[in-house]
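Take a look at this single chain, the form predicted on its own, given in structure tokens.
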Amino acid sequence: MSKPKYTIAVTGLNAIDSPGPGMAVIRSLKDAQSFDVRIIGLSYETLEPGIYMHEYVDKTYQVPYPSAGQEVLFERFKYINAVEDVDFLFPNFDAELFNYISLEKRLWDELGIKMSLPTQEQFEARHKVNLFDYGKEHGIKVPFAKMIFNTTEIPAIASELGFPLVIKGKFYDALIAHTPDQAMQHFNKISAEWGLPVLVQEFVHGAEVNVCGVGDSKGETIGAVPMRKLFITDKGKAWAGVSLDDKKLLDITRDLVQKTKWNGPFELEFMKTNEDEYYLIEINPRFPAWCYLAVGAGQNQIEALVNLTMGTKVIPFKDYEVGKMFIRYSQDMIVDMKEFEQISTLGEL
């Protein structure tokens, strides 16, 4: 019996020190056993490495920045879909998800493009500025946090929580401040890059453990693999990690998915204290950049999500291999200048 072949579009082709998840998602799709795939890359910048990795990406189109709005994005997809006939779309950046969630029904009804995303309510409820209340509602410990709009608010929070403090952007970036001056510097840096408000969060001492998983919108966890960071960049991103045997963490994850009826991919970020307490510090409503570790550990969650969304029966993963590691690396690609000129001028390669 022949396998279906899907045309799947993927964003997040960058590979900076805080890499997008796109290439990890694409590698997972290429490893899929139940279908064949043609990959359409969606880029924002002309120097995103995935554009030029032709062994993974069959064709790339530039798409408008999220700030351009939903109508501009939809018109671009009308053109792309007329050429490529896209079956499935993986948005992989937090900043673009609001537009894609808003367009989800329209992309399916008018263009036949499927996605699997959290609902708008799920997306907003887990936002960093709402996470403390979210934790109280669902019985999960979350460090106290407050959103601020001005550096003048920092001293009062510092006197209440003490140092160190975690200063976070509304989409990305988290920096640890040990002094009032450092907190103000971090506020200015993050607000300049990601805008206001900025979040000031209580610091929790411990080891960071994360979970990559998928929910089916009915309360079932299709897959979940926990990971401990072994090497962290100065931006707090995992550059190496190992899959964990952590039943308590998996129980917390499955309980949250069941209570929230989460739909689609997610990454849960926790701090595990020396007393074995788990504090939820972030929920990312998409696959993380390290999601290929889940494939290496025996759970191709990306493949399962495509099958689930396309109406193919999926059996939830029950097991995974403990002690599987990922180690990220950088290498230089040699690219013909003509390709760079083409994506820059035509918006396609």
Partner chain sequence: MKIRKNIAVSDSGFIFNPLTGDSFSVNPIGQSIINSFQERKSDKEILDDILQEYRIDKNTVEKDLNDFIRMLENYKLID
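Numbering follows the first chain given and starts at 1. None of the values given here were measured: they were computed from a predicted structure.
Absent from the display: the form predicted in complex with the partner chain. The rest refers to it.
Checking E153, E104, D246, D94 for any heavy atom within 4.5 Å of the partner chain in the predicted bound form turns up a single hit: D246. Among the residues I157, L111, L250, V242, the one placing a heavy atom within 4.5 Å of the partner chain in the predicted bound form is V242. Mapping the unseen interface onto this chain, D234 falls outside it, with no heavy atom inside 4.5 Å of the partner chain in the predicted bound form. Remark: G69 does not count among the residues lining the partner chain in the predicted bound form, judged by a heavy atom distance of 4.5 Å or less. Although the partner is absent from this view, V83 stays clear of the partner chain in the predicted bound form, with no non-hydrogen atom inside 4.5 angstroms. Contact check for V322: a heavy atom falls within 4.5 Å of the partner chain in the predicted bound form. Only one listed stretch (226-234, 255-263, 198-206, 168-176) carries heavy atoms within 4.5 Å of the partner chain in the predicted bound form, and that stretch is 226-234.
For the stretch 254-288, the set of residues having any non-hydrogen atom within 4.5 angstroms of the partner chain in the predicted bound form comprises K272, N274, D276, in sequence order.
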